[in-house]
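In structure tokens, one chain follows: the form predicted alone.
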Amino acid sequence: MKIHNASEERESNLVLALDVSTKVKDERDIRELCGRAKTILDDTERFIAGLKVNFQLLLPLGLYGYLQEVLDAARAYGLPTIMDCKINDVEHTNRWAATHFFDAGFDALTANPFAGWEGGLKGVFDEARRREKGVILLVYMSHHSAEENYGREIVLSDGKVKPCYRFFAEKAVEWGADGVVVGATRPNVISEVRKMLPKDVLIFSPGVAIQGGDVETVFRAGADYAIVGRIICEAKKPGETAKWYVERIKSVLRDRG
């Protein structure tokens, strides 16, 4: 994934979740939201290794509308972009979604392994490989109730029982995913999943700060990148907040070797 180069060049393992939004009444609100997003990106770009966009920004700005200004700015800074769409539908719909996101300029996207392979996510992976783009699978989300499904034990066709997240981590290896998402609120799962994955399958960990995850604990557990959003985007000085997190991450990585 392109994030390797950006991370080394910037000495950062922080991905900014640009999850800003507003109620939209007219185009002026949309322009103001776009301007706000670009201002935050301008203030933080030197401290981050990549940019993640979610529906908060996608829906009001539009994939081929004002969002292009944000993606253009990220490209100008040399930052890879991730569309956090959590693709989870039938294959022809998934493939078209991936096609549009990649056409729009995203370098990677997230996908939900609940959809399965044949007739599910295979088309997404095929499209990504054809374009040399990335696919990041959800293994365990960061919100409190994620344990209701991601932590649930499942019975496989051979009769074996295992937690759903372990099954998804195995699928990430089997399907050739570039990375996985494991929430920062569950460092024990990060440690467990890290042991299951090859080193080149990256762990992205959202949920730092506002959801309760601790950035230093996340990297001690084995995460490769922390995804941090609201605590930075809502700060009076987003750049200084991003820098603070980068320094905390660096201290752990030095100790981790």
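What you see is a predicted model, and the numbers here were worked out from it, not measured in a lab. Throughout, we count residues from 1 along the sequence that is shown.
Only in words, not in the display: the form predicted in complex with a small molecule, which the text now covers.
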Listed range touching the small molecule, judged in the predicted complex by heavy atoms within 4.5 Å, from 206-214, 57-65, 39-47, 191-199: 206-214
Answer option from A74, V181, A98, V135, heavy atom within 4.5 Å of the small molecule in the predicted complex: V181
Touches the small molecule in the predicted complex: V228 (any heavy atom, 4.5 Å): yes
In the predicted complex, S142 touching the small molecule (heavy atom, 4.5 Å): yes
Any non-hydrogen atom of K86 within 4.5 angstroms of the small molecule in the predicted complex: yes
Exercise: L14 in contact with the small molecule in the predicted complex, heavy atom 4.5 Å: no
